[in-house]
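We begin with a single chain expressed as structure tokens, specifically the form predicted on its own.
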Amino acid sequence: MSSTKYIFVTGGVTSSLGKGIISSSLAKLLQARGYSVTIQKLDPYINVDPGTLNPYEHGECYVTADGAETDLDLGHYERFLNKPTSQDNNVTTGMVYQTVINKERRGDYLGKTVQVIPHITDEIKYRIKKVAKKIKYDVVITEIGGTVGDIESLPYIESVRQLKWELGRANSLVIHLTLVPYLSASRELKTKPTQHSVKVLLETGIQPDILVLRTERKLSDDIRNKVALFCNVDRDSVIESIDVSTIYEVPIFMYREKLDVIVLKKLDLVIKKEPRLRKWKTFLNKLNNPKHHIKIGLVGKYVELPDAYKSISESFIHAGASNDCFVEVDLIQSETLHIRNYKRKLSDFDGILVAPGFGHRGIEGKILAARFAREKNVPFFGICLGMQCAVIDFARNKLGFEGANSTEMDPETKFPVIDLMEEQKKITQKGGTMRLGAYNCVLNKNSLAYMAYKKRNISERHRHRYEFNDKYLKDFENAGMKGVGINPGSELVEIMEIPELRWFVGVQFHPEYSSTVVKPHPLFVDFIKAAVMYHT
């Protein structure tokens, strides 16, 4: 009998109902009651990972500390639990099939016919259990991507069916998240989509144990009774998930609905104590009662899809609450910025963040944004490519290096102030070739970064190929832009600052990946603090 309990979260009717948020909220409540919990995501797409996906396709690519490029839902898991995830927490169909095919080529199956059942499903089940092998968790929550009924999800659903049978009733359960739409014409909430979704799930051999109903209107007792009756679910296992103003309110609402208590009872786990949510509630109180209001301009090239910058947006929420401040973020398409309009378009902001990205599209607009912040002394935060754009601007307009650029954008530039890492110069395949995961950095004590972190040695996550070319470091430092964070192993520059300005920081890493509700990232907190001071 397994000592780890498994919870599977499926979705029906439509995508984007918030399986990741429900999973994270339940995990938060169980954690707050004293249980060790982790969450994993099973993604049905055939890409091996989201690393080569355009952000318009799948939103942000989230990077774990151990260097895995994963689904953005892992960011939610970490932000809610304040615990790191790993490469084992994200599984894709591409990974599964690649592993099975490699085994077949090696002859591991001894000449047998390789099929979806049992070979693909066995690999999925192995990966579901693997996440609890290194660290013994009390509960593993597994979110199944996609919508029940999708062809792509069928192997995952079948794997869940098999696992439920293998683990036993007291060691596993299925939570099905579905939609109860409101029809304004008839002024009714309709349960039929939920009934049909559960019917599809039943056809795969799975009876959901708990139903979580997304709704924009409060559910009456009659509706809950109707859903319970026709979906063959206990009355107290029909949970309302009403629309809220922020995702961070969902754990509180799920607590009121007793989702965690119902789960613990069904899994034969002791209800140890009331959940400790004091810090969470303090955060919510600050979030909902700000004393300040500032505007930040986020300059990027994927602004049409806000999920492309999900971790940055959430980091602003965390840092804003920490500063008793509402942070209004305006997304600015960098392609729309040019020499004739950039001053006008950027003049109303209390701070400017230039976002990460790849490729030359929109790069000149990002460089202009960095230039504006530098010349007007507006608080500036450059992340990854954003830092590189600040370096390029400084080289062109302060050092007089005409045509200075990154070799990513201009391989023939006379002044390659940003250049490809040496170990990457011979690699042409894009998937999995970048500097990924957490790397150490040592801070200069006389720096804004040190004042924010309050320590010299830090570790931050990376996702990039190009670096600051330290051949030019003396030129930059003599002109006023300092390298204040250095990787102790490679001696690569990680952080650039202009000390004479109000707050001007560029970082090669991605601080947004490690900001959480109870531990906002210090650089974001300091940036927002500087913006508040600039505003006042």
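All values derive from a computational prediction rather than experimental measurement. Each residue number is its position in the shown sequence, starting from 1.
Beyond what is shown, the protein has a form predicted in complex with glutamine (GLN); the following relates to that form.
None of the heavy atoms of residue 33 is located within 4.5 Å of glutamine (GLN) in the model of the complex. Although the partner is absent here, residue 356 sits close enough that one of its heavy atoms falls within 4.5 Å of glutamine (GLN) in the model of the complex. When glutamine (GLN) is considered in the model of the complex, residue 466 lines it closely, a heavy atom lying within 4.5 Å.
Although the partner is absent here, residue 408 is a contact residue: one of its heavy atoms lies within 4.5 angstroms of glutamine (GLN) in the model of the complex.
Contact here is defined as any heavy atom lying within 4.5 Å of glutamine (GLN) in the model of the complex, and by that definition not a single one of 40, 42 and 129 is a contact residue. Listed residues 385, 160, 352, 177 were compared with glutamine (GLN) in the model of the complex; 385 is the one with a heavy atom within 4.5 Å. Listed stretches are 137-145, 343-351, 458-466, 108-116; the contact stretch with glutamine (GLN) in the model of the complex is 458-466, by a heavy atom cutoff of 4.5 Å.
Residue 510 is the sole member of 479-518 found to place a heavy atom within 4.5 Å of glutamine (GLN) in the model of the complex.
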